[in-house]
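What follows is one chain in structure tokens, specifically the form predicted on its own.
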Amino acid sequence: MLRKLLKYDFKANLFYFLLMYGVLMGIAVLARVSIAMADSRYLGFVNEYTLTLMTVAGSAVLYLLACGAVMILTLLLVAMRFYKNLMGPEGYLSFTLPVSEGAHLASKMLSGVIFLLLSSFMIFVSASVATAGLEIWDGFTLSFFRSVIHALRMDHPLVVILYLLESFATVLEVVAVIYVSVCVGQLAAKHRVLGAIGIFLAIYLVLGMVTTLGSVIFIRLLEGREGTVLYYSVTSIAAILFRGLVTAGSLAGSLLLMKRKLNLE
């Protein structure tokens, strides 16, 4: 039954995601073409550097805005699917299906994580399109990124694996916090969507404070080892465990509210 729930979750949002990715790729291609045609000699400008700079800057800003919009819209679509399918009018039908609340939550969690990862991948692909054939990875830029990679010890396999696991744990955390925020927001008599948004912001405010405090503690404990493989390994493992606890707590809270305090609209 979980497979069928996932199928419907994907079908419900597939059109919107395909449209969003199509627009993103279109902007990436437009940015690449604009940069390629930035040579002002073909347009009769005397100061060729001015037009080139304006074209490249405008294309870059538009593309970066599109990337930000994709991530924000992805989070909104994931949240709205959960809200409409389980808390809105569709909820009455959803909860008549012969599946548990846990199965509904698992389906939403899997689909939300997959869509968030897919959006991240599409941004990477679009970035490759926007910079294809450019000398952006030559000279100073390449040297800069090599320095960053070395400084973060991403040239060490263990650190790279931990960074990837931490990134995945972050995705799980974001989706789980969205869902528990929607569930808590349903406890309000009015303005439940605004309540969910407020809960989401409040949770991340608290998480930010805890993360900052944890960073200070680790800096103290690992003083003198900054920049080493040990330092980045320990901090990444701590972050993974912390995000895992937040994810587990959020999912447990969502499931409890769905079972005992569900307030459908």
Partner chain sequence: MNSILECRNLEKSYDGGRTKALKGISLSLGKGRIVGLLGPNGSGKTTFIKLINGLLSPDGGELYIGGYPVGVETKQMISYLPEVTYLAKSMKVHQIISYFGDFYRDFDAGRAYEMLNRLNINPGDSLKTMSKGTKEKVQLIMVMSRNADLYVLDEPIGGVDPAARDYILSTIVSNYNPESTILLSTHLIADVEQILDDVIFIREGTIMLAEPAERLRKERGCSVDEAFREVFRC
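Keep in mind the model is a prediction, meaning the values are calculated, not measured. Positions refer to the first chain, counted from 1.
Only in words, not in the display: the form predicted together with its partner chain, which the text now covers.
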*Since the chain is shown here on its own, which stretch among 171-179, 69-77, 115-123, 98-106 would lie within 4.5 Å of its partner chain in the predicted complex, judged by heavy atoms?*
98-106
*Evaluate residue 91 for contact with its partner chain in the predicted complex, applying a 4.5 angstroms cut-off between non-hydrogen atoms, and reply yes or no.*
yes
*asked:* If you apply a 4.5 angstroms heavy atom cut-off, which residues in 1-26 are near its partner chain in the predicted complex?
replied: 1, 4, 5, 7, 8
